[in-house]
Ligand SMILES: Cc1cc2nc3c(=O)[nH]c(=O)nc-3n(C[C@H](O)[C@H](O)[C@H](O)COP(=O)(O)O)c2cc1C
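Next up: just one chain, as structure tokens, the form predicted on its own.
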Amino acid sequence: MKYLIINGSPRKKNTWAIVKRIKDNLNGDFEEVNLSKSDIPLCNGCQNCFMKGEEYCPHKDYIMPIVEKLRDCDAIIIAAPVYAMNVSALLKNFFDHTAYFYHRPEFFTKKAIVVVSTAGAGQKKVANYIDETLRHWGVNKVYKLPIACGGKDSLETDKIDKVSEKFRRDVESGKIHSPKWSDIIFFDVWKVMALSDDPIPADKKYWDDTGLVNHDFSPEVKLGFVKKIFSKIMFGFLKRVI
């Protein structure tokens, strides 16, 4: 298995200690992207990635190599501390640069584990935010490890081992999980928008080129009968109201 670690902490302390323990429970090769050393400029909100395509991002030379690593790996480890009750600026800036995945999801066979550490509070809220972002990317299954760290001896090692072992088994199994209901709704939202009379050009090209526009969800993910019907009904409803 190939694991990509995206480290959103400017330091290698509590958050990294959790990542190291997770690595000890996994089998495979690891590649690290330390955002503190990636020198990614701040997203300037130009919307080129949304409207024209990610290749038009003025910072594409920083972002696209990381995206290619995401495409090449089997599973993702994303780690961040809680800063001011949210993710670190490093990780938020990376998420801002990859926000086009909300419109054009693609990681439907990937699984991820989210590591969030704090010396105080906010770890569950931040882990949920990262989870939501990854699900909008299309990630099939996200495991969460929100940890409150009072010191090196309070890393909740039993919890880390238990969750990371579940993550390892799931990644190695190759199982593709059925999407959540909300994931199907958002899939249909972007599909409808790609089919609209005035679509975003980059979105229309992506949905047409990948063939996703012809499916109830990614064909790599098996939908049961009920969820197929739900997707069709939701698509029909959204087509009328959007």
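Bear in mind the structure is a predicted one, so any value in this text is a computation, not a measurement. Residue positions are given as counts along the sequence shown, with the first one as 1.
Not on display, but discussed next: the form predicted together with the ligand.
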- Looking at 167-175, 135-143, 94-102, 79-87, which one sits within 4.5 Å of the ligand in the predicted complex if you count heavy atoms only? 79-87
- Item | is_contact(residue 149, the ligand) in the predicted complex, heavy atom dist at most 4.5 Å | yes
- Message: I'd like to know whether residue 15 contacts the ligand in the predicted complex, with contact meaning heavy atoms within 4.5 angstroms.
- Response: yes
- So in the predicted complex, does any heavy atom of residue 11 sit within 4.5 Å of the ligand? yes
- Using a 4.5 Å cut-off on heavy atoms, what residues in 92-124 are near the ligand in the predicted complex? 117, 118, 119, 120, 121
